[in-house]
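One chain comes next, on its own, written as C-alpha cells: the form predicted on its own.
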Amino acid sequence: MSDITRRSFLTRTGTGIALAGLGATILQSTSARAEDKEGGGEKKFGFAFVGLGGFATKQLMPNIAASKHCRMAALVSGHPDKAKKLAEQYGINEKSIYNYDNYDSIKDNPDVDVIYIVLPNSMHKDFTIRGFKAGKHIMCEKPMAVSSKECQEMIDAGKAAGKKLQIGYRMQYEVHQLEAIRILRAKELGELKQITTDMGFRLMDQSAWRLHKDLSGGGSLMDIGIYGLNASRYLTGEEPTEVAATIFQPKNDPRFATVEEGCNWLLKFPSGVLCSNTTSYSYAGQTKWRAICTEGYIDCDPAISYQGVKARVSHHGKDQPMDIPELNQFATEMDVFADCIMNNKEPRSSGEEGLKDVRIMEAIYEAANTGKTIKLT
C-alpha cells in the first residue's frame, strides 16, 4: 500500500483526479477558494436559513463566511427578536427576515437563491415543498423526512419546480471519508469484509424535540444512527439487501416515552460485506466506524466531528494516521451545492440519497418490531 501521507494525498488530489469517482475534486475547488482575492467577482448564491437553532447559529451561519460561492441573504424563524439580532450581526436587511407564516413570500426576494431547511424532521417536507413552490433551490438537513413517502413528495416537488435538492450529508464531502473510500475502492487493504459503526451520546434534556416522535420521527436511529447507516453505504459503495435489528425503549424513563433509546442493526451487502451498527441516547459519546479488510483496516474516530476528524490505516499490523489537512465541512458542502447549481449537476447527496436512508431506517424499525430479517429491494 502506498504511504497515506499528507504529501501523497495532496499529490493525488492536486492533479484534479476525483476521489473514488465522486465527481468534482473537492480539495481542488476549495484550495482555489483560499487563493481567491476578496471582491473577485465570483457568483455568490444567497442562502436563507430556515430555523435558528444551535446547529444553524453555531455552525452553518458562522462557517458560510469561508465559502467561495455562498453568502447569507435571509432568515426564517418563529422568534422575531432572535432573528432581528442575528440579522444585525450578519448584516442582513430586516426586509429579509421572515416567519413561518409569511415564508412563502420569499419568492419575491431575488436575493435568495437557496433555502437551507434546519428544522425538526417532521417539518422538512412542508418547508421544502413550499420553498420549491417559491422558486428556490433547497438544502435540507438529514434525515430528509420522517417517511419515505414524504421524501418522494419532496423529490417530486423539486423536479416539478426544476430546482436542485441536496441533503446535508456533510461527511460525504469530508476529506478523511473520501480518502477512506479511495483506499477501499482501490483495494489497497485487500477485500472489504466487515464494517462496524457506533454513533451515540447521552441526551439528558427531556424537553429536546428529538424525544418527541411527532417532531423527530424516531429516536437515536433517526438522529445520530443515520451517520453510521450512511457511512456503511458510502464505504461499501453498495446498497444493503437484508437487515436485522433490535431496539430498546425503557418503560420507566419518561425521556423515551415515544422514541427508542438505542438500536442495534445488522446489514448485509451484495458483495457479502456485513455491517454491525449501534446507536444510543444513553451511552458515552461515540462517533466511530471501522472498515475491516483482508489485509488491514481503517479506523475513523472521531468520525463525524465538525472539526478534528481522525482516521488511521492499519496494513499488515503497521498503523499509520491519515495526515490530511482538514477543510471547512460546512463551507465545502455548500460550495459543492453551488457548483451543482452553476453547472446543472445532480448533487451526490441528492434527495434520492436521502430517500434511500429513510427506506432502510423504515426496514430497521420493521425488523426490530417483528423480530424478522427484512429483505430490501
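For clarity, every value in this text was computed on a predicted model and none was experimentally measured. Quick note: we count residues from 1 along the sequence shown, nothing fancier.
From this point on, the text means the form predicted together with ligand NAD, which you will not see here.
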Among 287 to 295, 269 to 277, 78 to 86, 129 to 137, which stretch has residues whose heavy atoms lie within 4.5 Å of ligand NAD in the predicted bound form?
78 to 86
Is Lys142 part of the interface with ligand NAD in the predicted bound form - any heavy atom within 4.5 Å?
yes
Evaluate Phe55 for contact with ligand NAD in the predicted bound form, applying a 4.5 angstroms cut-off between non-hydrogen atoms, and reply yes or no.
yes
Spell out, yes or no, whether the shortest heavy atom distance between Gly51 and ligand NAD in the predicted bound form is within 4.5 Å.
yes
Contact test in the predicted bound form: Arg210 vs ligand NAD, heavy atoms, 4.5 Å:
yes
Triplet Leu119, Asp223 and Tyr306 all within 4.5 Å of ligand NAD in the predicted bound form via a heavy atom
yes
Residue within 4.5 Å of ligand NAD in the predicted bound form by heavy atom, from His176, Arg185, Arg170, Arg255, is Arg170
Quick one: of Phe248, Tyr100, Tyr234, Phe201, which gets a non-hydrogen atom within 4.5 angstroms of ligand NAD in the predicted bound form?
Tyr100
Only counting heavy atoms and a 4.5 Å limit, does any residue of 226 to 247 reach ligand NAD in the predicted bound form, and if so which ones?
Tyr227
